[in-house]
Each structure stands twice: as structure tokens, then as C-alpha cells.
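Before any questions on binding or motion, here is one chain by itself as C-alpha cells, the form predicted alone.
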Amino acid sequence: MRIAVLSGKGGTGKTLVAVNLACVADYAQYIDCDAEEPNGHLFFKPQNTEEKIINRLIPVIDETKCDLCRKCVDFCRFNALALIGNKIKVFDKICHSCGGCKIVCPQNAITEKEKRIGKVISGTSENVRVETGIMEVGESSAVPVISALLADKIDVETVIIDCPPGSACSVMESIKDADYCVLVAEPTLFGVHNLNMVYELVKAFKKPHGVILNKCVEGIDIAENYCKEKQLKVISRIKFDKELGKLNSDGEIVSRVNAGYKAMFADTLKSIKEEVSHETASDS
């Protein structure tokens, strides 16, 4: 079961939720897809880590063979190639590594080279297999790193995907194979705006979903009212708690040091799995 944890912006408690859901499972794989700013590893502090380099293929033009026919330029829908003066210029930052330009070149003037775009660091933290994607500085898209990260599947019942914040292409890549999406939101007007953003995304992807409201304060019902209006299921409510904030800021995993929070996140994971089972039964 793949559970993706999303939020419309950073700072809502997305990683707090994702990390603790992984910890309360019997055994889980935690995948940090926030490849621009991954921070799940700061909580897990994984041991026995291994590193795998992620490369992608970039076209290289052999000018001695190229006759400037422009077929590669015309083919590329991403405008990663251009005829400038008497040369074909490759803009590797917007190249999607599809290999089409190489195929259409009548002169066989295009080969490909590997370019390092990031890495995946794998390790273990007690009952959790921790997978962290990290982009190279200066890369424009996290999608290839996330794709490689999600391809590394292990045989576990529970997989927790910690998505990037927002609703851009990197989030779409992170949730495309998810069985259920958890939307984490704050009880503020800004929090509701961003909750609506990820709600529209998971709805477009037709993913089963529910909401976890974080930093809840008595008497402030903005996010609660939004969920009622949209008929969104609220899976759990996490109260505003200074002790939780301190543990989190100290890099502690609260479900490992606080029995109350361990029970709460265990109940939350159970509720999510029941929702997935219900959705599966409804589809069949």
C-alpha cells in the first residue's frame, strides 16, 4: 500500500506526519520525494547507508556529420535544441531525455552522454527503510530523481511517500502510483488556500484522499469548515502542542518517544488502511 503525504506549502507538518506514519507500521519504506530540500533523514538518522547516482542522457551533436537539416530541432517539443548560426545548440536543462532527436537524425550525427542529476541515499532506521532523493544543485526539475527513487520497490506492506510541497510536476510524479493521498493542512486562511490546491490535484488524479488537520486550536474552524463544505474526510486532528513542536524541532520522532502520539499515529494509519480497503471493495 502506497500512501502519499501532501501539503500545499512547506511548514504544515507534512514530514512530521509522513515520518510518524512510517514509524508506527510493523515495517515500512519511507520515500522522501522532496528532492530539492529533503529532511526526513534528519529525523530517521539512517544507518548502513548506500548511495546511488542518478544520471540522464543528453544529446551530443557531431558537427562533422550534422548537415543542419533541423529535423531534430523540429522534432523536439520541449525546444531543447535550436539552430543558432551554423550549429545545433543543446539546452540540456530543458531536455527530457526522450531520445527522439537521435532517432530522427538522418545523418546519425547525434549520440548521447550521461549527465549526473542527483542521487538516492538508502539506509535503515529501526523498522523503517529510508530512501532519500537529492537533486544536484542547479538542476531545474526533480522529476527524473523522483522517478528513479520510486522505482526502487521493496517487499513491504506500507510505503509512505513524503511528497514535495505544492502541486507542481514533482508532486504529480510522486503521487501517480499512490493508493491513497493524505492532505496535511493548517487551520488558517492561507492553509485552506493551499489545502484547496492539493485537493484539486488529487481529485484530478482520481486518488482516494483524506485530510489531517495540524496545529489545531480550539475555536479556529476555518479548515474544518472547508472540509465540511467539500465533504472531505478528516482522518485525524493534531492539536497545537508546544511539547510536540519542541520534539520535532529537536529532530526527534515523536511516536518513538511519546506513547500518546504513538497511539494517535497508529490509529491514523489504521484509519487510512481501512479507507483504502473500503475504496478497493467499492471499485470491485
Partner chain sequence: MKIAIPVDSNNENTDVCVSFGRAPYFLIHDTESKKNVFILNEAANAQGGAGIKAAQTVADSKAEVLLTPRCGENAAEVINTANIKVYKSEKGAAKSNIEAFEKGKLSELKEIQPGMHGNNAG
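Residue numbers count along the first chain shown, from 1. Keep in mind the model is a prediction, meaning the values are calculated, not measured.
We do not show the form predicted in complex with its partner chain, though everything after this point is about it.
- Residues within 4.5 angstroms of its partner chain in the predicted bound form, judged by any non-hydrogen atom, belong to 84-92 and to none of the other stretches in 178-186, 117-125, 84-92, 206-214.
- The listed set 151, 169, 103, 154 contains one residue whose heavy atoms approach its partner chain in the predicted bound form to within 4.5 Å, identified as 169.
- Under a 4.5 angstroms non-hydrogen atom cutoff, its partner chain in the predicted bound form lacks residue 190 among its neighbouring residues.
- Contact between residue 113 and its partner chain in the predicted bound form is not found at the 4.5 Å heavy atom cutoff.
- Its partner chain is not drawn, but in the predicted bound form it has no heavy atom within 4.5 Å of residue 197.
- Not displayed here, its partner chain is kept clear of residue 246 by more than 4.5 Å at the level of heavy atoms in the predicted bound form.
- Interface residues of 112-140, taken as those with a heavy atom within 4.5 Å of its partner chain in the predicted bound form (partner not displayed), are limited to 140.
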